[in-house]
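Okay, so here's just one chain, in structure tokens, the form predicted alone.
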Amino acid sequence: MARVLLGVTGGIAAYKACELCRLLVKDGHDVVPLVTPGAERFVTAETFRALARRPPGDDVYLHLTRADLLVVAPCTANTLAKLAHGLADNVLAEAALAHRGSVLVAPAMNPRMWAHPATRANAATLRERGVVLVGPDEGETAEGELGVGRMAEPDEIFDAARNLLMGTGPLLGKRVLVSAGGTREPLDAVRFVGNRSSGRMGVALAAGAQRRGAVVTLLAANLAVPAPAGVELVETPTAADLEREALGRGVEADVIVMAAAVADYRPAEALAAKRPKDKAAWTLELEPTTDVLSALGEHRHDGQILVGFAAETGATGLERAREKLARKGADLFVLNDVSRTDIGFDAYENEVTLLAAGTERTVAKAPKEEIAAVILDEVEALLLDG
């Protein structure tokens, strides 16, 4: 039996938390309801105490004792901001600051509030800290608007909570190798040929896989963002470095996700010292690098899942991604348009098309952490099918 802190905040979806409380208790857990004053406008704290079967005279500091899981459902935009910024002006917020176990949050709010950059930044901050977000779902909200903002259904939240408590899921214990960033190919001692990849997408994938229980190794090619805490970090600044580490470490991996933007060409000859500037032209000869993904496809072992990324521009990008999927031996390809400034390289959001054998689907523009979650869902489905 686990101790679960159940935070309920002020939204009409508070009534759904009653069912979530019942499911947690039925599963044998010790549930401690933490009902904010705003939530009591919809459902009383006494209702949750009855559902949680709390004895009379509970310790007034029970919210500060050790717990295995903190669930906040529904989580309003206001409470989401408090959690992100460490505010502690009610019992639930105090509990969140003191809590050292897993955290699961189910946002619920008006679609325009969920879409606001401040809310998305708060959600991204929580994900970076390892908080699991479930939802929000798309549909009609209480005020009659259509959009993304409805709280996820209680059984979905319960399943996510149970996975966190029991350590279950297809990625649990799997060895996952992720590459991130953009390689830089030296021209001389100070100059290089490179690209604008920040590594955000790969880092989000590594963090997401780790939260799902995987043992993660991150091949980092000149990251512009911090690597997730707890993953094995291997610096791979050039295409040759990434090739060596990917092929060497890929042998033991259950899942390989090649999100890094690996240079297709490198200078045929790099100068050991800095080339001084003069009035003469500098003509460069570029030679192709090894296609690391194709090499991984050739050497993959039975049951291994291989995911590639296609950074394309223009209307023919989808056709090129289809060709890469067929040619490189990957199970899944992620296509993104790097010609746009609002998604792709060095952006906080992305919009991708997922391609697998016989299926294609577009994932709408969203923070890269949310895109990573969708990709990892596909990886888990492939593991189960395998």
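In this text the structure is predicted, and so the values were computed from the model without any measurement. From 1 onward, residues are counted along the sequence shown.
The form predicted in complex with ligand CTP exists for this protein as well; it is not shown, and the discussion that follows is about that form.
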If we take heavy atoms and a 4.5 Å cut-off, which stretch out of 317-325, 44-52, 29-37, 356-364 is in contact with ligand CTP in the model of the complex?
-> 317-325
Residues L69, V72 and P107 all lining ligand CTP in the model of the complex, heavy atom within 4.5 Å = no
Exactly one of V131, L171, I305, A263 comes within 4.5 Å of ligand CTP in the model of the complex through a heavy atom, and that residue is A263
Ligand CTP in the model of the complex has a heavy atom of only one listed residue within 4.5 Å, and of T290, N78, T125, N163 that residue is T290
Answer yes if any heavy atom of E245 is within 4.5 Å of a heavy atom of ligand CTP in the model of the complex; otherwise answer no.
-> no
Closest heavy atom of E312 to ligand CTP in the model of the complex, within 4.5 Å or not?
-> yes
Looking in the model of the complex, any heavy atom of M258 within 4.5 Å of ligand CTP?
-> yes
